[in-house]
Ligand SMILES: Cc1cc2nc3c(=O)[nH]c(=O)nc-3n(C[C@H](O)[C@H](O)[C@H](O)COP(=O)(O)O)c2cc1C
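Take a look at this single chain, the form predicted alone, given in structure tokens.
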Amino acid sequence: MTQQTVKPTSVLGHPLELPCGVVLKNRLIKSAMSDSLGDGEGNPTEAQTRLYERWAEGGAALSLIGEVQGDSRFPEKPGNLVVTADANLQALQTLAKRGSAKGAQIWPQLGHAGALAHLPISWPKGPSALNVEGLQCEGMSLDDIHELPGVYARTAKLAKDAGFGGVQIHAGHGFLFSQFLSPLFNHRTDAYGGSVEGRFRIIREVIGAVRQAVGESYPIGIKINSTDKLAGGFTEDEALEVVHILNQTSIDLIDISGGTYFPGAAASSDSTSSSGPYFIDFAKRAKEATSIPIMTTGGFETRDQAATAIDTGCTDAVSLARAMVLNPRLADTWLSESGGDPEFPKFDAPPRGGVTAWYSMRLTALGEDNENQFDLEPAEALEIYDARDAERSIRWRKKFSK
């Protein structure tokens, strides 16, 4: 079927049933982003709760909360949530309830930054010790690795108890499980290194522990890289092998993305423009390798792109980040007959990290219901974002120590 004959409202509005039995009401997902709206002590803020409420009110079938930590020692940023036994359960319950408006799902993305843990508030550890320009970390011991399934299982059970509809395990973008999968960063010679199966082993163990903790009818998703876009790193063929392995697990939704935040790497998230969906060709290969539903993240800017990707069998759902930052009601817009695509800003020579910071600060404006007054340039946004991180790092150290 050609793009011209696709009826977007029908394609995008069709429900998606997951293997566990949970049904997503449409095919439009708010992608996991590091919204950096926690209070610096691991708790949700009113702005963060309002942000996810707005996406739910705007028609998204599922919103993913990026970078939720089950271990305060290895955060991605000091604005991350920390879901542990001493977390503010009432605040988490409020976030889960308001983020579930209009039949939406809201899931925390369970993460561990590994070698990319935020240095001012952590001692980074990865599968192997690294000492390269801009990045140093210790290697994990077997005891460190063996702790992970229990950590993820406890975090997932707490998320379920707080009222979140499911969880996503983060194994992409250069964070810990992505590091395990990449031969560039995993040099282990024990059972957790070597072949793709060996590098995947800890992820398999985590999936099993999480499933045991939450039960058969609770959704568990996973985000994986199609490639980390680094010479000598994780390749598409290896990623396809991972998809085959995932097909033997109890995962309910596979999120296809790519790239890494390692220093010096080209990050898709800091690009100033898009040439269309980034990973759709790999997603189509992945769909042929598994019966588990596939969703694809990255580069979707128009309704036609999203509808065509689903209609042609390349993916089962489309995951949107920046587009839903520009229009938090984008799902309802695309499911209406009139439609309408967001207008993406164009920046002239922004500083490195500035575009990502601009979108991050717009998230704050959305959570405060004042996006109409948002008028920052990328350099200004980066300065404010970094200052906020510094202040929250102080609070994080006081709360969790180093």
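Here the structure is a predicted model, which is why all the values come from computation and not from measurement. For every residue, the number given is its place in the sequence shown, counted from 1.
Quick note: we don't show the form predicted together with the named molecule, though the next part is all about it.
Notebook entry, point to check: Hey, of 26 to 34, 370 to 378, 331 to 339, 42 to 50, which bit sits against the named molecule in the model of the complex at 4.5 Å between non-hydrogen atoms?
Noted result: Of the options given, it is 26 to 34.
Next item on the list: Check each of Arg322, Arg303, Lys125, His112 and return the one that places a heavy atom within 4.5 angstroms of the named molecule in the model of the complex.
Entry: Exactly one residue meets the criterion: Arg322.
Checklist line | The unique member of Gly66, Gly59, Gly38, Gly70 whose heavy atoms fall within 4.5 Å of the named molecule in the model of the complex | finding: Selected option: Gly66.
Note to self: Can you tell me whether Arg199 touches the named molecule? I mean in the model of the complex, with a 4.5 angstroms heavy atom cut-off.
What the structure shows: Arg199: no contact with the named molecule in the model of the complex.
Margin query: Can you tell me whether Tyr261 touches the named molecule? I mean in the model of the complex, with a 4.5 angstroms heavy atom cut-off.
Written below: Yes, Tyr261 lies within 4.5 Å of the named molecule in the model of the complex.
Note to self: Please determine whether Gln179 contacts the named molecule in the model of the complex, using a 4.5 Å cut-off between heavy atoms.
What the structure shows: The answer is no: Gln179 has no heavy atom within 4.5 Å of the named molecule.
Note to self: So, Pro149 and the named molecule: in the model of the complex, are they within 4.5 Å at any heavy atom pair?
What the structure shows: It does not: once the named molecule is placed as it appears in the model of the complex, Pro149 has no heavy atom within 4.5 Å of it.
Next item on the list: Sequence order please: the residues of 142 to 176 with a heavy atom within 4.5 Å of the named molecule in the model of the complex.
Entry: Heavy-atom contacts to the named molecule in the model of the complex: His170, His173.
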